[in-house]
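Just one chain is shown here, as structure tokens, and it is the form predicted alone.
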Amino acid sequence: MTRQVEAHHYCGHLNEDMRQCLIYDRPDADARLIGLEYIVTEELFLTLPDTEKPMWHSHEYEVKSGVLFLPGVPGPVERKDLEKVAKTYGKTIHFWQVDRGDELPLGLPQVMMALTRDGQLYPSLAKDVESRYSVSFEKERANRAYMEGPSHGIHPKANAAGIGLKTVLREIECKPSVQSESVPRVFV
């Protein structure tokens, strides 16, 4: 894992099996919308084609390690929600590469992965976040030790199947539909 960004998720529940989240680079009024994440239950994840699964990451480590937290939410309420999140999978796409210093969302959208084991989080980022939010990842790890991940274990194809993924742009020929002689065009 070569790039890391602080990500603030604002999520809505589409239904019991799926959440959809807007991701900002900070919680301030001038925050930049940098991406989105779809979060699904293990049951829904298991229905995905095997070719799709590597683009999804598990949330067990992020939750149990303490690095995923809900600022301002009382501990018991936070833990109740995180008990559910620890069992889920997420697909995250970042449109704005703020860690590169881009002033606009440039380049290809990137499928982003999550922290999945100790030693991946940059120590400087961890210290900064712990300081700004008055949280201790180690204390949260201890508080969450009882939590469980997916009931079938983390799927072997999740988390990019242990290898990196790269978004690639390629040109293809776009032929008009043979069913219609004209293609309606709308310009906004």
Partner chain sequence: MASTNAEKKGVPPGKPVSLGSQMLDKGAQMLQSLTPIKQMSQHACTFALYSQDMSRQIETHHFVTRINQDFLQCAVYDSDDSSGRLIGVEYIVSDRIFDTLPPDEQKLWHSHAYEIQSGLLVHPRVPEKVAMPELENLAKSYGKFWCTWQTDRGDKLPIGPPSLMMSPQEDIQCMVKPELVKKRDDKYNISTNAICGSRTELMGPGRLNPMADYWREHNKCLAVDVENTEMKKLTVFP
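Positions refer to the first chain, counted from 1. Just so it is clear, the structure is predicted and the values come from calculations on it, not from any experiment.
Below: the form predicted in complex with its partner chain, not depicted.
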Task: Any non-hydrogen atom of residue 132 within 4.5 angstroms of its partner chain in the predicted bound form - done: no
TODO: May I ask you to state whether residue 163 is within 4.5 Å of its partner chain in the predicted bound form, using heavy atom distances?
DONE: yes
Open item on the list: Taking its partner chain as it sits in the predicted bound form, is residue 137 near enough to touch it, meaning that at least one heavy atom pair lies within 4.5 angstroms?
Closed with: no
- [ ] Verify the contact flag for residue 89: yes if a non-hydrogen atom of it lies within 4.5 Å of a non-hydrogen atom of its partner chain in the predicted bound form, no if not.
- [x] no
TODO: Output the sequence-ordered list of residues from 64-86 with at least one heavy atom within 4.5 Å of its partner chain in the predicted bound form.
DONE: 70, 71, 72, 73, 74, 77, 80, 81, 84
